[in-house]
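Below you'll find only one chain, the form predicted on its own, shown as structure tokens.
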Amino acid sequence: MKGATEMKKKTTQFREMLNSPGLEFLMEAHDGLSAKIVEEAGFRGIWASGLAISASLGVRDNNEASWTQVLDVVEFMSDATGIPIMLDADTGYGNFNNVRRLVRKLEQRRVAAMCIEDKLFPKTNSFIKGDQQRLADVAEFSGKIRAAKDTQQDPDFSVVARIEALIAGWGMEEALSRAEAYRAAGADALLVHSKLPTPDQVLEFMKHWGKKCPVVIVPTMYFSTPADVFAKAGVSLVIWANHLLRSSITAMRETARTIHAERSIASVEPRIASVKEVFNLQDAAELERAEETYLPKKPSR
């Protein structure tokens, strides 16, 4: 199912977001429906969150879902929308060779970008004992970046290198050293992650890094910081990383508990989306028009 008409390739749209003079935003989605809702809301790009996709499949964010299962989900998301998607590709699902195959498969599905992180496979979510997680060797991870860039066929496909040094407690010097190595290896942008409830680490990184290449952040923990602060610091892209998933959990729990307790759907009907809204998100009207074009006309009696 096609989403909005694409005036430009999705890869080009994403590259323009990375290099935009203003602050840009990606919103999390985890399936075709949530991806359509992100586009409908007006966002220019989608973050295909590893945490959200794994949770929607009922498994942990520890590479329990295979990369091909993740790819199947992202393909539905890409088919349903006309805006670019950046896949949270964890560590690249293996070594440099796994990364090469991943890039080929993402390009076939018109996915605009991928983000890979410098941890070890299988990964664990950064907010679960992040300071106890081991980081990848810099040279080995740089090889993954080079392999990805050498493999891509579309020059606008973007590879974002995620730095976990601050999460792991390795300090700012290590984070900056890794940033320089990953930029030299060909990364189109860096994602700098922090688990502090304030943006201090990210802002310090930006002060030292300057504008050597675009920087992406994920303010899940320092959520009360105004976006203007990030813009003034020179951040290129902000990811709202898991909020559609989390809001859906709250809504579904409330609805399920109410129906279970009341043994009726009467009280929830006014508060939930209509069936017609579901049909609209599925673009049912397009199928009706196509049927008029392609199915034989029924003889009139």
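In case it trips you up, residue 1 is the first one in the sequence shown, and so on. The structure displayed is predicted, hence computed values, not measured ones.
Heads up, the form predicted together with a further copy of the same chain isn't pictured, but that's what we're talking about next.
K.L.:
So, a 4.5 angstroms cut-off on heavy atom distances: do all three of 177, 200 and 208 pass it with respect to a further copy of the same chain in the predicted bound form?
P.N.:
Verified in the predicted bound form; spot residues all out of contact, no.
K.L.:
So in the predicted bound form, does residue 228 come within 4.5 Å of a further copy of the same chain, heavy atom to heavy atom?
P.N.:
Looking in the predicted bound form, residue contacts with a further copy of the same chain include residue 228, since a heavy atom lies within 4.5 Å.
K.L.:
If we define contact as a non-hydrogen atom of the residue within 4.5 angstroms of the partner, is residue 212 a contact of a further copy of the same chain in the predicted bound form?
P.N.:
Taking the distances in the predicted bound form, the answer for residue 212 is no, it never comes within 4.5 Å of a further copy of the same chain.
K.L.:
Given that a further copy of the same chain is not shown alongside this chain, does residue 80 nevertheless sit within 4.5 Å of it in the predicted bound form, heavy atom to heavy atom?
P.N.:
Taking the distances in the predicted bound form, the answer for residue 80 is yes, it comes within 4.5 Å of a further copy of the same chain.
K.L.:
Does a further copy of the same chain get within 4.5 angstroms of any non-hydrogen atom of residue 186 in the predicted bound form?
P.N.:
The answer is no: residue 186 has no heavy atom within 4.5 Å of a further copy of the same chain.
K.L.:
At 4.5 Å between heavy atoms, only one of the stretches 68 to 76, 82 to 90, 154 to 162, 189 to 197 reaches a further copy of the same chain in the predicted bound form; which one is it?
P.N.:
Of the options, only 68 to 76 has residues within 4.5 Å of the partner.
K.L.:
Suppose contact means any heavy atom within 4.5 Å; which members of 87 to 105 contact a further copy of the same chain in the predicted bound form?
P.N.:
Sequence-ordered list: 93, 94, 95, 96, 97, 98, 100, 101, 104, 105.
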